[in-house]
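Have a look below at one chain only, the form predicted on its own, in structure tokens format.
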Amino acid sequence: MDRVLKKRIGKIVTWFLTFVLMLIISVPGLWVVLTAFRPNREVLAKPAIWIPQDPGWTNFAKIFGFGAEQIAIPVPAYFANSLIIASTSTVIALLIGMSGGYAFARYRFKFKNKIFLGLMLSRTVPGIALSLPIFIIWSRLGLIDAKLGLIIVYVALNVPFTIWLIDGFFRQIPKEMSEAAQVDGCTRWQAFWHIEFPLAKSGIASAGIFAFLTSWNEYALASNLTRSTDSKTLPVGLMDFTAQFTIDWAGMSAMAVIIIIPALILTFLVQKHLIAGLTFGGVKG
């Protein structure tokens, strides 16, 4: 009885500490969300006002150019740029990642392990360390302040991780299933599309989520490679709320919420595949 009681107390303590830790981690995000719905005078008030006394949608209307108060920041253009760049780079990275991951999982070829190791080692280099050489090369190629320039960079950043993740999922699928389908008359492509792809779609969805969020939230490289409204993304556009002596914290927080919402929606829509993908292979049947 004492042992059962100790286990229950241990679980309660663990859950409580986890709740407290998650609460502490969530405080900055919660503060940003609350700030997005409060006027600037409440943001700068001392002592701090935690719960908005006069909440409203004014900050969101202002940054999108509605209502009496407007700001000269092209948020819709930044949103469109982020969506185009993140979506395009994710689709390309997934296509390359599926091809590469399937090749590494199913075929034997010369220098296979060395090439795979090289791809993984490329992930150890922080993106900010590449900003200067990329800037020099892109300036000579005329890709500065262009969506294509950022798309190429994000594809290069996402492909190694995408290949690694998808390779692991295809390795979990027995080759015999594809071989049996080919014996029954399927081509290699039909066996892949009808047998292996459906089984690996959870892993592909997981890779797509990570690739999209990486491109959507990235700031360091985007700030160096973009200059105008034609290519600036939402994270870079946050700096437009800063002036020489003032910072529009309310407007910046509203834009931060706009950055968060698409990521939350996408994660919610594919959460079933995401959870299955992250736990795939953890339990053997």
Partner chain sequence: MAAIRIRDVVKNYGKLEVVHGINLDIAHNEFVVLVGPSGCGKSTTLRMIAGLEDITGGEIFIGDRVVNDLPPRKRDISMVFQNYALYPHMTVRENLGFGLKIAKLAKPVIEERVNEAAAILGIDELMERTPAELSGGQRQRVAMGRAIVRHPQVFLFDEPLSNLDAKLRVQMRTEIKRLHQTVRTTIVYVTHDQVEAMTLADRIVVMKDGYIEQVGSPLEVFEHPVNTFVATFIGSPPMNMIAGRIVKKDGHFHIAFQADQTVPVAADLARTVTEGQEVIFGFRADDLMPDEHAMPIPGASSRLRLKVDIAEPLGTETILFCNFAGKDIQAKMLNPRPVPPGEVMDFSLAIDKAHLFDAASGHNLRN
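As the structure is a prediction and not an experimental result, all values here were calculated from the model. Numbering follows the first chain given and starts at 1.
One more form of this protein exists, namely the form predicted in complex with the partner chain; it is left out here, but the text below deals with it.
In the model of the complex, none of the heavy atoms of I84 sits within 4.5 Å of a heavy atom of the partner chain. With a 4.5 Å cutoff on heavy atoms, P198 counts as touching the partner chain in the model of the complex. In the model of the complex, at least one heavy atom of A181 sits within 4.5 Å of the partner chain. Contact check for C186: a non-hydrogen atom falls within 4.5 Å of the partner chain in the model of the complex. Applying a 4.5 Å heavy atom cutoff to the partner chain in the model of the complex picks out E176, M177 from 140 to 177, in order along the sequence.
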